[in-house]
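In the form predicted alone, a lone chain appears below as structure tokens.
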Amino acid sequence: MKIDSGDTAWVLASAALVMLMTPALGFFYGGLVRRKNVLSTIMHSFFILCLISVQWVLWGYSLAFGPDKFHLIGGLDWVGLNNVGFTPNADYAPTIPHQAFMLFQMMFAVITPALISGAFAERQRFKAFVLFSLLWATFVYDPIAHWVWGAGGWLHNLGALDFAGGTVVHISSGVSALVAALVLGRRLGFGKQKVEPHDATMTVLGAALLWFGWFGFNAGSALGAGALATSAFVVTNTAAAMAALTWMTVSWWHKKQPSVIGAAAGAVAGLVAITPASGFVNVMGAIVIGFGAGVVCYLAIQLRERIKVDDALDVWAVHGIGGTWGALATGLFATVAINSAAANGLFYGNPRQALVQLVAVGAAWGWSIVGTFAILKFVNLIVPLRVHEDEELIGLDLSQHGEPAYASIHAN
């Protein structure tokens, strides 16, 4: 195996792009919360970047991608990056250094628990957040990553298609977010007082930076600079644009005005939905996937509001449902004309693929629900998940971090 400098450069650049997505998520989420909670919300994303970067090199990468154990988890052979050097690994990326692949996958592991933080924004104790995130990354994310992407993983062996993380990243985080919202309960005054985003411009900036970073997320998953990366780049942009147009149009029809935040959320929903399919579908498939994301994710928010679940920043609706739609749509629109190493979907003569995708979706939902519920209950035995009422009222910026996001308007 020979290292290809072009492939290596692209994967390293893509890793940097994906890294940018986590602070971008902080801006996206930070703009949506109230002024008194913006710093704590951004801190969730920034801190996760630090925490999981260390967890990944110590044991996370070994559990997710290390030598297979029972088709369920990687072993501990690569703890501390032992035997993860600069020689390419034939199972994962034969043209780049093994550590380059590890680094690229690290950034996926980082952003996934950060996504969950939107569900419990404005009310979770920071100590509980730290412990939960570490346990969740280890016991929920790492096993699912191994099932789908690890050499020997059972869903990988079954033939499940997930190019860049529809099941591994988005279903796991979105479904876990729903569980977290239910376990933590509603914010004070939920449903009685209107909670307005404190800075919509920050949210749009975050969405734009997420869109930018997503090219590394999806096109980088080709693990080489070539035709497949190009195709993934094109369909990613197309699906995001289509979903933004669709969401804005649907919300315009529903609420009589074109929502700026709706357009931003729609773009993110489209990016989520195309993620599992990005290396397998053509442009027309991307158009349909983007359109579907704009509709189903918007409807999921209406459902969430109707049943009065306080998933504060709609992580389940955008990531859980968007990821589910994208994973299932991959089983419909995948074609070997785009990726000869993959499989055709239902509309290209292979109905089995649709069933395999359904199994993968069910497995990701089930493990995420059970694992997240168990971890939250365990954490609550050690440190209360929620802040006290008075701490929630003054805001998490001051009660958890002792720092305001903005100087007082009365200050000099």
Partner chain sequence: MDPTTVMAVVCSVVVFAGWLILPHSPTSIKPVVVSEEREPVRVSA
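These figures come from a predicted structure and were not determined experimentally. Residue numbers count along the first chain shown, from 1.
Keep in mind that the form predicted in complex with the partner chain is not shown, yet the notes after this line are about it.
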Worksheet item: Can you pick the stretch from 279-287, 266-274, 221-229, 67-75 whose heavy atoms fall within 4.5 Å of the partner chain in the predicted complex?
Response: 279-287
Discussion item. Does the partner chain, in the predicted complex, lie within 4.5 angstroms of each residue among 87, 101 and 212, using heavy atoms as the measure?
Written reply: no
Worksheet item: Between the options 291, 190, 126, 154, which residue brings a heavy atom to within 4.5 Å of the partner chain in the predicted complex?
Response: 291
Worksheet entry | Residue among 340, 257, 82, 201 with a heavy atom within 4.5 Å of the partner chain in the predicted complex | 257
Worksheet item: Going by a heavy atom distance of 4.5 Å, is residue 252 a contact of the partner chain in the predicted complex?
Response: yes
Worksheet entry | Contact flag, residue 347 vs the partner chain in the predicted complex, heavy atom cut 4.5 Å | yes
Worksheet item: Given that the partner is absent here, does residue 246 sit within 4.5 Å of the partner chain in the predicted complex, heavy atoms only?
Response: yes
Worksheet item: Quick one: is residue 114 in contact with the partner chain in the predicted complex, heavy atoms, 4.5 Å cut-off?
Response: no
Discussion item. Using a 4.5 Å cut-off on any heavy atom, which residues of 131-168 would contact the partner chain in the predicted complex?
Written reply: none
